[in-house]
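A lone chain, given as structure tokens: the form predicted on its own.
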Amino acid sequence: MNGNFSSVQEDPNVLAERMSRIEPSGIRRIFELMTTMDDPINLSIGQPHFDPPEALIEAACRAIRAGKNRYTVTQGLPALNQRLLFDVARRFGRRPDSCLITAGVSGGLVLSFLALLDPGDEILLPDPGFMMYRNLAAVVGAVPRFYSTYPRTPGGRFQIDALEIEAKITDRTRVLFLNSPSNPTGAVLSLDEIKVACEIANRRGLVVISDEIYDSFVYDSEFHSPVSHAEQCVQLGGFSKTYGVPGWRMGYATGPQKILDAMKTLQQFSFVCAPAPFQHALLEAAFDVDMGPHIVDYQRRRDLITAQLHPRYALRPPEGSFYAFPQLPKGQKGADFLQHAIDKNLLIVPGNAFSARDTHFRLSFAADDATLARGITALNQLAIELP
């Protein structure tokens, strides 16, 4: 028998057909490029640059040393679920039926898409929007239909158009997806926008999935959730961004009992449960920690890039998250502009990684002051140098 496996003819059909519908992440390609660069100015990263609070670190260490390293029940620690439901009710005036601790918001996205969408079903997604949304739709065989959130007038804010959403609903539409604060634009849905979107969903019998992972990072207004207004709302939130623990993979989902029960069943046969020691740590310490100073500091960084970037980028202050979505300089394409940025050792993400349009780029201001200053300098040099 020949033990040389490299000589075996590779089967061109070895992969499932669904893989042909999934696009590699443009952000991951940027991460790979970063490893080849010397001291890059990294404004592409989508995670907080601060360390978690000491109280949370110590709580995690105590949980690990106390032997809390085995599975929890699939839905997560009952006390943590109850605390989250209490917190949602306190913030938004409505207590969802049920709660599930997920492996990050990404885990919640996977479970909710699997639970709600059959092949051929349609889901309404924002454009621009995080690329995971459309790729997960492809995984489950659903059809994404995109509604634009681009400004309606030059210099305007990113916002939803209720008439466009209504017009895109068909008899196959099952889900209206909302993301506020937005990745990549930093837009925050107003109360009126949420009410109108939820009224449409309620009237047309749609489930609203609401990605709220950046809910702590809101700078100019109050955060509002569809939980308060949608008859069927799957709320996806998490701890990764707020507490600086993206590697802990800790998220949660709330919503109607029937939908959450289905997601719990799926979790039994996929993620099993979210990491146990970190559940204990969050229950012990997270809800008493004041992250306000970090939010204020990120607002300062937001104001800094808005004030100092060249007018050619036409950057309106992002209302939330830690992303900005400046316009490309006139005449530039995303791929060309990315190469010009790389030539200056700067990493950003082209806007067409998030959108059908190629008119903007995303930068993250979750970076230390020195890195942010270098990035602003490089971008302003490009604005002057490019034709």
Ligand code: PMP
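Note that the structure is a prediction, hence the values are computed from the model and not measured. In case it trips you up, residue 1 is the first one in the sequence shown, and so on.
A second form of this protein, the form predicted in complex with this ligand, is not displayed here; the remarks below concern that form.
Checklist line | Site check V105, Y133 and S240: each within 4.5 Å of this ligand in the model of the complex by heavy atom | finding: Verified in the model of the complex; spot residues all in contact, yes.
Checklist line | Stretch from 106-114, 307-315, 158-166, 134-142 whose residues place a heavy atom within 4.5 Å of this ligand in the model of the complex | finding: Comparing against this ligand in the model of the complex, the contact stretch is 106-114.
Checklist line | Of S210, Q267, N183, T254, the one that lies within 4.5 Å of this ligand in the model of the complex (heavy atoms) | finding: When this ligand is considered in the model of the complex, the option within 4.5 Å is N183.
Check: Only one of R249, H224, R302, H280 has a non-hydrogen atom within 4.5 angstroms of this ligand in the model of the complex; which is it?
Finding: Comparing distances to this ligand in the model of the complex, the residue within 4.5 Å is R249.
Note to self: With a cut-off of 4.5 Å between heavy atoms, is Q235 one of the residues that contacts this ligand in the model of the complex?
What the structure shows: Looking in the model of the complex, residue contacts with this ligand do not include Q235, since no heavy atom lies within 4.5 Å.
Item checked: F217 within 4.5 Å of this ligand in the model of the complex, heavy atoms -> Outside the cut-off, so no.
Checklist line | Neighbours of this ligand in the model of the complex among 45-72 [non-hydrogen atom within 4.5 angstroms] | finding: The one in contact is G46.
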